[in-house]
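Considered here are two forms of the same protein chain, supplied as C-alpha cells in two stand-alone entries, structure 1 and structure 2.
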Structure 1
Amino acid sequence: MQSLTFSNMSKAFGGVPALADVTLNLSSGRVHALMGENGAGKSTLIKLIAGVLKPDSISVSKNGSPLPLNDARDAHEAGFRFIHQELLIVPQVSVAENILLSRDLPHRFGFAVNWNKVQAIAEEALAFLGATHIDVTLPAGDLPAGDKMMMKIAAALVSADQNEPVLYVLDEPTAALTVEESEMLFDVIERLKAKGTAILYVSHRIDEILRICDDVTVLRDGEFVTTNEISKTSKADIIEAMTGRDFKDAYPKREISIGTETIVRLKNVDTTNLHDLSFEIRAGEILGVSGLAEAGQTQLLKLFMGVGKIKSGTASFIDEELPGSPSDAWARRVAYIPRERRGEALCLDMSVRANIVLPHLSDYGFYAKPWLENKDAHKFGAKVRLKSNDVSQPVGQLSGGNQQKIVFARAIQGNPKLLLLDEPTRGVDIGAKYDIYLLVRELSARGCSVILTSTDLPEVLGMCDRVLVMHEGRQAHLLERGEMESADLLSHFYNGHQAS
C-alpha cells in the first residue's frame, strides 16, 4: 500500500490564517473525507495540494521520500488530479475539447488535430462514468449543471494518460448532482479505489460521507481537529468535531399551520418549456419541486421572476398577474435564490455589502446610504451565520458556502411574500443549513410562501408541505408529503404519468 503525506500545510490571506499547520495522511485504495464548516479551509488545502495557491509552508512525501511541489505542473506530474469546487469550464467550446483541455490534442500527420480521436477519447471517458447521454460535440456551456460536473470528472480521468494517477481530489462534487448522478459518481469512485488510487473527498452531506469514505479528517477554523476511521466514528462525533457543538442533523418541524389565503394560483399554464401546470400555494406553505435533472424545476421558479412567457392558461400572484420582469418581482416582494451562484447571483469582485443589498437598492432612495447598507449587511449576514472578515471584503474571496449565504441573506432582506429557492443550501455546512431551515420556517410562519427545489431529497421532504414532481417540463404528480421517504419520491420521478 502506498502512502501520501502532506504535512505542515499553512496559508494566510493578508495576515488572516486560513489554514494553520495541517497534516493529512492518505493511502492508496482508500477514500479520505475532508470535512469542516464553511470557511474551515478545505478548498484552501486542496488548492495548496494542487499547487494553484502559493503555500506559506507545505511538505509532501510519498512512501516516506520527499516529493517536490512548487506549482500546478509538479502536482500533475506527481499524479494528482483535481475537481475543484467552482467549475472552470470553457463554455463556448465543445464538451470533447473541455474534457481534453489539460492535455495535448491528438494529431494527424503531425499537425492537424484529429477531431475523431478527440471525440472518441472524450466519449470513452464519459462512458467510464456511465454518462453516455452527453453529446460531446455540444458547447459545454449548454450542458445542465449535473452534466457539467460529469464532464469535469471525465476531464480529470482523461488527463491521466501520461502518468498513472495516484490521487483524485474532489471538492464538493455532489453539490450540483441529482441522486442518480451521485450514484454514478459513487460507482466511479468505487472503481478508482479498486484500481489503487487514493481519493480525497469533500462534501457537506454526511450521509454520503459515511457511505463511501474510509477515513475522515475534520478541520475547524483552519486547524486540524481529528482524523478517524469512518467505521470507528459516528455522525454525531463528526458534527461535534466540526462545529464544537452537538448538533442535530434534522429539519425543524412546522409549528404554525398554513394560512388560508391563496398566494399563487396556476391553472393549465403552458410556456415554451413547461406544460400543464395547475397548483395553488397558500400563505406560508412550502411547496417542493422535484424531478429528474432538468425536468423544468429552474424554469418553473424563474417563471415567478418574470423570466419566460405564459402562452396559455391563467396564473396569478396575490390576485394579480405574475411579475413581468425580475425588477417587478423583487418590487412585489418575490425573492429568488438562483441555482448558479457565480453566474446568476453574485458580482464576485464587489463587496459583501453591495451583493447583499443589490436587489433592495431602491429602498435606500436616490442617494446611496453606505451606513444603512452596512447596517443591513451586518444584520442579514449575521442571520445566515456569514463568516467574512468585513462587509467590504470582495465576495470572490469568501469560501463557497459563505458565498451561498450571501445570496440567502439578500433573499431574506425585504421580508419576502414569496421565496423561490433553487438549491438554497448548496455547499452550506450543517450548522448553517439548520439555521437556514429555521429562517425558512420563520418566514413561512409569517405568511411567506416558499417554492423550493433541491437535489437533496431529504431536504425537500424535511421542509416541504407538498411536493410537485415534474417530468420533462410537465407537472406529473402533486404529492402530500405525509410519511413519504426519499425512495418513494424517487420512484415518482421515473413515472411521468399521473398515478391516480
Structure 2
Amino acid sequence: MQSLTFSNMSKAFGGVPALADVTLNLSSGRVHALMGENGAGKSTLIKLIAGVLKPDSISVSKNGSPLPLNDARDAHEAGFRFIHQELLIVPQVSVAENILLSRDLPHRFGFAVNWNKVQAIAEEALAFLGATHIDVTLPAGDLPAGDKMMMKIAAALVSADQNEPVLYVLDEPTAALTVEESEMLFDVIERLKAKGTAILYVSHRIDEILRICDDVTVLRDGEFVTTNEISKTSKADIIEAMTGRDFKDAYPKREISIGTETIVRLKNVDTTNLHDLSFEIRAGEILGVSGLAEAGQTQLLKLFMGVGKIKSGTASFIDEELPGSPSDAWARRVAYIPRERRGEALCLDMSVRANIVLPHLSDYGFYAKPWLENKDAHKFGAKVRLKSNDVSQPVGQLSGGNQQKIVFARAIQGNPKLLLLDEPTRGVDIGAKYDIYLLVRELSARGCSVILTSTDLPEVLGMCDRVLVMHEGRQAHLLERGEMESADLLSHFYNGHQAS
C-alpha cells in the first residue's frame, strides 16, 4: 500500500488565514472524503495540492520520501489528477478534442492529426465510464451538464497513459450528475480503488460520502477538525464537526398548511419537447419535479418563464395565460433560479448589488438610483444571510454558497408568487443548504408556490409536498410524498408509463 502525506499546509490572503497548518494522509485503494462548509478551506487545499497556488508552507511525501510540489507540472508528474466542480471546457471544439486537451494529439505521417485515433481514444475513455451514448464528434458546448462532467472525468482518465496516476481529486463530481450518472461514476471509483489509486473526494452530499468513502477529514474555518474512518463515524458526527452545532433535522418542517387558491393549472399540455402535462399547484405548495437525465425538468421550468410555446392543451398562471417572455415572467412575479448559476444566473465580474437588482431595474424608474439599489441589495442580502465584504464586492470572489444566495436574493426582491428552482443547492454546503431550505419554507408559508427540480432525492422528499416524475419529456407520475423513500421514488424513474 502506498501513502501520500501533505503536511503543514498553510495559506493566507491579505493576512487572513484560508488554511492553517493542515495535514492530510491518503492511502492507495481508499476513498478519502474532504468536507467542510463553503469557506472552510477545501478549495485552497485542492489548489495547493494541484500546484496552482503558492503555499505559505507545505511538505509532500510519498511512502515517506519527499516529493517536489512547486507548480502544476510537478503535481502532474507526481501523478495527481484533478476533476474540478466548475465545468471549464472549450465549447466550440469537439468532445474528443476536449478529452485530449492535456496531451499531444496522435499524428499520422508525423504531421497530420490522426482524427480517427483521437476519436477512438476519447470513445475508449467514455466507455470506461459507461458513457457510450456521448457522441465525441459533437461540439462540447452542446452537451447537457451531466455529459460535460462525464467528459471532464474521461479527460482525467485519458492522461493516465502519460504518467500513471497515484491520486485523483474529485471536487463535487456528482453536483451536475443525475442519479443514474452518479451510479456510473461510483462504479468507476470502485475500479480505480481496485487499481490501487488514492482518491480525494469532495462533496456536500453526506449520504454519498457515507456510502462510497473509506475515510473522512473535516475542515472548519481553514483549520483541521477531525479525521475518522467512515465505519466509525455518523452523519450527525460529520455535520457537527463541519458546523460546530447539531442539526437534528436536515430539512425544516412545514409549519403552515398549503393554501386553497390555485396558482398554476395545466391540462393536456403539449409543447415541442414536453407532453401530457396535467397538474395544478396551490398557493404555498412545493412541487418536486424529478426523473432521469434530460427528462424535461428544466424545459418545464422554462415554460413558466415564457421560453417554449404551447402547441395544444390549456395552461394558466393566476387565471391568466402563462408569461410570454422572461421579462414578462419577472414582471408578473415569477422568479427563476437556474441550474448553472455561474453560466446562466450571475455576472461574475459585476458587484453583489448589480447582480441582485438586475431584473428589477425598471422598478427604479427611468433614471438610475444607486442609493436605492444599495438599500435593496443590503436588505435582501440580509434576508438570505449573505456573507460578503460589501455590496460592491465582485460576485466572482464569493463562495459557491454565497453566490447561490445572491441568486435567491434577486428572486425574493420581486416578492414572487411562483418560484422556479432548478437544482437550487447544487455545490452548496450543509449550512448554506439549510439557510436555503428555511428561505423556501418562509416563501411557501407566505403563499408563494414553488417548483423544485433536484437530483438529490432526499432533498426532493424532504422539501416537497408532491413529486411529478418526468420520463422522456412526458409526465409519467404525480405522487404524494407521504412516507416514500428514495428507492421508491427512483423506481418510478424507470417505470415511465402514465400512472392511472
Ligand SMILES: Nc1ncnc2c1ncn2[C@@H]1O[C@H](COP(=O)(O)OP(=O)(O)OP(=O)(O)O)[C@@H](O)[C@H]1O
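Model, not experiment: these values are computed from the prediction. Quick note, the numbers are simply positions in structure 1, starting from 1. So that the term is clear: the rigid core is the largest set of C-alpha atoms that superpose within 1.5 Å between two forms.
For the form predicted together with this ligand, the corresponding chain is the one labelled structure 1. With a cut-off of 2 Å and the rigid core superposed, F186 has a Cα displacement that falls short of the cut-off between the two structures. After superposing the rigid core, the Cα of K195 is displaced by less than 2 Å between the two structures. With the core held fixed, G414 shows a CA shift of 2 Å or greater between the two structures. Here the two forms are laid over each other by their core, and the C-alpha of Y367 is off by 4.1 Å between the two structures.
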